[in-house]
Ligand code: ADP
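First comes one chain, alone, set out as structure tokens in the form predicted alone.
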Amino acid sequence: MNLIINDTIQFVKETLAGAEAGHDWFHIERVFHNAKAINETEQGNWLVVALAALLHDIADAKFHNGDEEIGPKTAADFLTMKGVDPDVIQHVRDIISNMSYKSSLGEVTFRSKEMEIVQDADRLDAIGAIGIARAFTYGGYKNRALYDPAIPPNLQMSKDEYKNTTAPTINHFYEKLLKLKDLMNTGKGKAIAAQRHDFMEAYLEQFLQEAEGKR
């Protein structure tokens, strides 16, 4: 087990070298550690959890012209080459295909304990101090405005609207990030998310006061 996990770590590091900073190896590493911590209490299949955490952003659709199949396929092709059990490969592929927030805006066709663990691990990295940094990093990458009071958040986005939005980065907090606390699956995920959520709310209060010239 350790050999395939170590080989996967090396593959992900090489594949994501030079990736956008919010979706690079360090993001993967944080998600991997989050997943390991959550799995200690949830007791999922560690090999499935580890491989899904490591490979979940191996080819993120938003960096591949919206292609939602390339990520699961890239992961499956790598694991097949490494001789991983086909049932494990299919499980990992199903997790990657269904765990994203945008997937939850459409029809989710798969759930498992392992997916819930990896999903929580990934969502934790989208909130709190790291989440704030990642949001603005991606907003800068897409050349989006920080904030525009004339463009209100869309709180009822469809999957297509979410995929194609060009709204200011601050809107993303209301459209997604502040919703994640209540979407967590596991007890440990919920506990960590609560603290990170509070940090984001305090940050947004300060941001808006500064933006409106009140501080």
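Residues carry their position along the shown sequence, with the first being 1. Predicted, not measured: the structure shown is a model, and the values here were computed from it.
Below, we turn to the form predicted in complex with the named molecule, even though it does not appear here.
- Annotated contact segment (heavy atom within 4.5 Å of the named molecule in the model of the complex): 176 to 184, selected among 148 to 156, 176 to 184, 46 to 54, 30 to 38.
- At the 4.5 Å threshold, heavy atoms of Asp60 reach the named molecule in the model of the complex.
- Contact annotation: Ser97 falls outside 4.5 Å of the named molecule in the model of the complex, judged by heavy atom distances.
- For the chain shown alone, Phe78 is not a contact residue for the named molecule in the model of the complex, no non-hydrogen atom being within 4.5 angstroms.
- Interface residue remark: Ile89 is not counted as part of the site for the named molecule in the model of the complex, having no heavy atom within 4.5 Å.
- In the model of the complex, the residues of 164 to 183 lying within 4.5 Å of the named molecule by at least one heavy atom are, in order, Thr165, Thr169, His172, Lys176, Leu177.
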